[in-house]
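Before any questions on binding or motion, here is one chain by itself as structure tokens, the form predicted on its own.
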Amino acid sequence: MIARAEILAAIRAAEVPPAPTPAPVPDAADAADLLQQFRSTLESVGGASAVCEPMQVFEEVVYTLLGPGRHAVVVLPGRFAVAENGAVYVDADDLTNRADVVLATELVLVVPTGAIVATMHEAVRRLPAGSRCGWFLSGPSKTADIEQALVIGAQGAKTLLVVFRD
């Protein structure tokens, strides 16, 4: 116990300067630019996206993008999307079963049209204060842990589709 007390005393005595204030976040671009940036970034990490227009049937939009022969499709609500990294925030409070996030083979996230922020700085400010759990999801699950061979879908969905819809 003496070592623990000495370590804690040394930490308390250290004069650590405060962390620097982050640079201000630039003003958000217009909605069309953010949507284009989000879609481009998501595509670069292996995901896909679509905008479901008011007269389109949601299921047709999804299955057109996923293609034939797909199964185990799970559709979940996303609160908002982040343009800089192609991620969608999914809050556990919006889900019936939290395990769906990792058990789905084909994951479709539905985000309200226009609910896109430019940066993670803005995204963090939008996180719900009372949330118990949430995820930023971007693209299908990928890992190269075993023999440095890339495996898609090892710890999550093999396909991630984001659909913007009102």
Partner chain sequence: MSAGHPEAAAAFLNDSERAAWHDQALWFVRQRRDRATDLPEWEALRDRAAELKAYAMANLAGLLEAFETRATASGVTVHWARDAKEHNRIVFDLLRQRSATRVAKSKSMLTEECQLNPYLAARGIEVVDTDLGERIVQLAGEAPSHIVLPAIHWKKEEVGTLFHTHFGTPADESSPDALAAAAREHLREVLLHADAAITGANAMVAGTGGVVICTNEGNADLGMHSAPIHIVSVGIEKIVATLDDLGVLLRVLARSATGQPITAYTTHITAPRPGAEMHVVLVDNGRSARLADPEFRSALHCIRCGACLNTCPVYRRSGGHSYQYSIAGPIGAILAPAVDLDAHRALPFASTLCGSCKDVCPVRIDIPVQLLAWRGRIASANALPKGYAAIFARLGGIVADRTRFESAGRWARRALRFLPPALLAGRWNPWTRAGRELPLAPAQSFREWARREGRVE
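This is a predicted model, so every value here is computed, not measured. Positions refer to the first chain, counted from 1.
Same protein, other form: the form predicted in complex with the partner chain, not shown, and the subject of what follows.
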Problem set entry | in the model of the complex, Ser49 touching the partner chain (heavy atom, 4.5 Å) | no
Exercise. Taking the shortest heavy atom distance, is Gln56 within 4.5 Å of the partner chain in the model of the complex?
Worked result: no
For this session: Give a yes/no on whether Asp94 approaches the partner chain to within 4.5 Å in the model of the complex, heavy atoms considered.
Result: no
For this session: May I ask you to check whether Asp166 falls inside a 4.5 Å heavy atom distance of the partner chain in the model of the complex?
Result: no
Exercise. Any chance all of Ala32, Arg39 and Tyr63 sit within 4.5 Å of the partner chain in the model of the complex, going by non-hydrogen atoms?
Worked result: no
For this session: Just give me the residues of 127-166, first to last, that have a heavy atom within 4.5 Å of the partner chain in the model of the complex.
Result: Leu127, Ser131, Arg132, Cys133, Gly134, Trp135, Phe136, Leu137, Ser138, Gly139, Pro140, Ser141, Lys142, Thr143, Asp145, Ile146, Glu147, Gln148, Ala149, Val151, Gly153, Ala154, Gln155, Gly156, Ala157, Lys158
